[in-house]
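Consider the single chain below, provided in structure tokens and representing the form predicted on its own.
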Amino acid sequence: MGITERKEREKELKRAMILEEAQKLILEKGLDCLNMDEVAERAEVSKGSLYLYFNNKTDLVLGICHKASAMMNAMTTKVLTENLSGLEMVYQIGINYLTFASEHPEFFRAMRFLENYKDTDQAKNSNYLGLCAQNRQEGFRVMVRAIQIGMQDGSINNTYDPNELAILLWATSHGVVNTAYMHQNTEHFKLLDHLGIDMETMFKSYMKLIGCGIQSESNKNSDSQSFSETHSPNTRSVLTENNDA
């Protein structure tokens, strides 16, 4: 390994270490309390050196967003290797998304951060912006592949366009999971309480709506029970375990 390659490797290791310390701070104190001074202190680098690796706080959070979305993609991609029908894969991807938001709320919030800051001047100069976009595209491709598998094995209605269906599933599931996140992590978000809606029931109803809507007629006819009854996981532990801790 030459000098240039070694220096670049050392730089990447230092960058990864800084991200690791920033991640620990977020888990300890929350995203709102993240500041560059404390990150530099935890990482044992000067503040000036910190800015050699990250342009600003937005760049640093986008780095964490990249890591979080890569974690989410790893969970999602694994579904394609499991012995499931395409319809079951789509369902499991939804469960994994909900589980990720519940078990890693600050990482999920970092991913939401991307939506709010991707068009700002601070974000435009971040290399992580493009990497986050690549992760999103990869996650989308996995959903499309699961749908295609379902169309091939007869569990999903093949009259849909796979890309269009994937977009619809992504958009609606994002809204449902974001509602679950808000209900679990935002004290002033009382919409579900005011309406008397249980989060577990709402999620199961959503999955029933999606499952019954996209499954093929032959798959419907072969099942004596509804989609939600035959494919329903134990979502209560996913939705409540953080609140009960």
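Keep in mind that this is a model prediction, so the values were computed, not measured. Residue indices: 1-based, along the sequence shown.
Omitted here: the form predicted together with the DNA. The next part is about that form.
**Q** Looking at 64-72, 177-185, 34-42, 201-209, which one sits within 4.5 Å of the DNA in the predicted complex if you count heavy atoms only?
**A** Selected range: 34-42.
**Q** So, in the predicted complex, is S218 in contact with the DNA at a 4.5 angstroms heavy atom limit?
**A** No, no contact at 4.5 Å.
**Q** So in the predicted complex, is the DNA close enough to I197 to count as touching (4.5 Å, heavy atoms)?
**A** Taking the distances in the predicted complex, the answer for I197 is no, it never comes within 4.5 Å of the DNA.
**Q** Does any part of Y51 reach within 4.5 Å of the DNA in the predicted complex? Heavy atoms only, please.
**A** Y51: contacts the DNA in the predicted complex.
**Q** K47: heavy atom within 4.5 Å of the DNA in the predicted complex?
**A** So K47 counts as contacting the DNA.
**Q** State yes only if every one of I3, R6 and K14 has a non-hydrogen atom within 4.5 Å of the DNA in the predicted complex; otherwise state no.
**A** Result yes, every residue of the spot touches the DNA.
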